[in-house]
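Single chain ahead, written as structure tokens, the form predicted alone.
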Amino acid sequence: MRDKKHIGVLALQGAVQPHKPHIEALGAEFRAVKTPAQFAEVDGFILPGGESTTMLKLIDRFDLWDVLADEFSKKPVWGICAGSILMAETVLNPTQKSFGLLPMTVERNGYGRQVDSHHCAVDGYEVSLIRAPVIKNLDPSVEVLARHENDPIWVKKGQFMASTFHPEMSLVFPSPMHKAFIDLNA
């Protein structure tokens, strides 16, 4: 048995490397993962912020959908911004395919365009909302961990967590969100 948790950040597209210092500050091992063999070696997955439609195209192009769905059924998963879109049951603006891991509806770019991106504090920790989705409908079984402008922005159910913001952009290591995710892997 290994002494460190191995946290895989799906490295097809998006903000992958900024997670490394947060993960390592918690005593876990960071892994950028792209292949089924790498997926099998990690204890949990972070689906990073980026562009969800591009991620979907790459998942389909490299025939990773089924293996990822299988891995996600067995391990903790945290979706950040675009990653939260991939985790939602329903996606709007426009509709698109998703893994349906969390019973919620998200609207892509719900706060507006790139120019509307902004920062806010979550439990005293500064995070970035970059072309962020908005969670529109949330099943009562999902716990809301934080809100912004009355909208849920950080949610959790069982082994699944989603945030519509980017905590990895902060240079204060580790973020409380990374700690909460590592705790899911305990």
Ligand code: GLN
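What you see is a predicted model, and the numbers here were worked out from it, not measured in a lab. Residue positions are given as counts along the sequence shown, with the first one as 1.
As for the form predicted together with the ligand, it is not shown, yet the points below apply to it.
In the model of the complex, no heavy atom of H118 sits within 4.5 Å of the ligand. Not displayed here, the ligand is approached by G50 to within 4.5 Å at the level of heavy atoms in the model of the complex.
At a distance threshold of 4.5 angstroms between non-hydrogen atoms, K75 is out of contact with the ligand in the model of the complex.
At a distance threshold of 4.5 angstroms between non-hydrogen atoms, L102 is out of contact with the ligand in the model of the complex.
Of the residues R131, K136, K157, K57, just one reaches the ligand in the model of the complex with a heavy atom at 4.5 Å or closer; this is R131.
Segments offered: 123 to 131, 66 to 74, 142 to 150, 28 to 36. Contacting the ligand in the model of the complex at heavy atom distances within 4.5 Å is 123 to 131. Taking the ligand as it sits in the model of the complex, the stretch 148 to 180 comes within 4.5 angstroms of it through a non-hydrogen atom at just one residue, H166.
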